[in-house]
Ligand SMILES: NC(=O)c1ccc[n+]([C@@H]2O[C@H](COP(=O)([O-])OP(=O)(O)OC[C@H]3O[C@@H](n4cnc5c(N)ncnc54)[C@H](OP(=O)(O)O)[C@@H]3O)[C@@H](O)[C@H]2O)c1
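Let's start with one chain on its own, the form predicted alone, as structure tokens.
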Amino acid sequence: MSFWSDKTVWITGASSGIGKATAIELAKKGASIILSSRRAEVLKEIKSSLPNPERHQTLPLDVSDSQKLTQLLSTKTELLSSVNVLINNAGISQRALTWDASLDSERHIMETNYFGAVVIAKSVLPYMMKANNGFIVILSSPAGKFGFPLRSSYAASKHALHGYFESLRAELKETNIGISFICPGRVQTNISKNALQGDGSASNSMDERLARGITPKQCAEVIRRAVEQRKPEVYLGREQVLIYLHRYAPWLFRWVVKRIKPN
């Protein structure tokens, strides 16, 4: 029997990019998938395209509104109690100088990337604790390990995820509930087009360097293996070298970052 054949996996941000690719990867391995994002019609299309579509479900939601999200999830107890693996993937990036970023845009990034992930995780955690079993995946970024130009609030939100879920992992040390951080560098998605500018509008500009990044399918395969092997943290992509520079040679990291043209 496949590792995934008896697993129900909830994936946020499942309508495109890494989330969609992960849904396809795990459904092929036999998992039952709960697909979440704001785009209900797209989720239905993805569900129908997966192997054994009758096994999968859609749960449209907006992670950027914590109050409405909490209210919605309070009505989904039966569904949430079935979740074995949570993949907290929904998020938004940023392309703005710190002094140009409006407070509203910064709050939106924190609500989406941090508070949304917290609300989602806390909705399934009681059931995982009761079963003494479960796994939570946090899609982070190298920016969760260091700051980078035009990403101040994005980096802050990813740092916050590490602080929160590393603390949770320590609190769960006597349980069979695992937590894994996945920190990909550039991935071939629309993240740069959807990134927020200083006024809170989408940049609608594709970062040409994303074309040299890893594919969503490659990232999905890494996520699958991380859960199977219960890895606490995984770095992938060429940008991971910056994580090690920041950790072991901070002076060199600062020199490199000064010479990178951000976009």
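Residue indices: 1-based, along the sequence shown. In this text, all values refer to a predicted model and were calculated from it rather than measured experimentally.
There is also a form predicted in complex with the ligand; it is not shown, and the following applies to it.
Although the partner is absent from this view, residue 64 contacts the ligand in the model of the complex, with a non-hydrogen atom inside 4.5 angstroms. Residue contact check for residue 185: one or more of its heavy atoms lie within 4.5 Å of the ligand in the model of the complex. The ligand in the model of the complex is not approached by residue 155, whose heavy atoms all lie more than 4.5 angstroms from it. Looking at residue 210, you'd find a heavy atom of it within 4.5 angstroms of the ligand in the model of the complex. Contact annotation for the candidate site: 91, 140 and 189 all lie close to the ligand in the model of the complex (heavy atom within 4.5 Å).
Between the options 123, 105, 84, 112, the residue in contact with the ligand in the model of the complex by a heavy atom within 4.5 angstroms is 112.
None of 238, 39, 29, 230 but one reaches within 4.5 angstroms of the ligand in the model of the complex through a heavy atom, and that residue is 39.
Of the residues in 221-249, none comes within 4.5 Å of the ligand in the model of the complex through any heavy atom.
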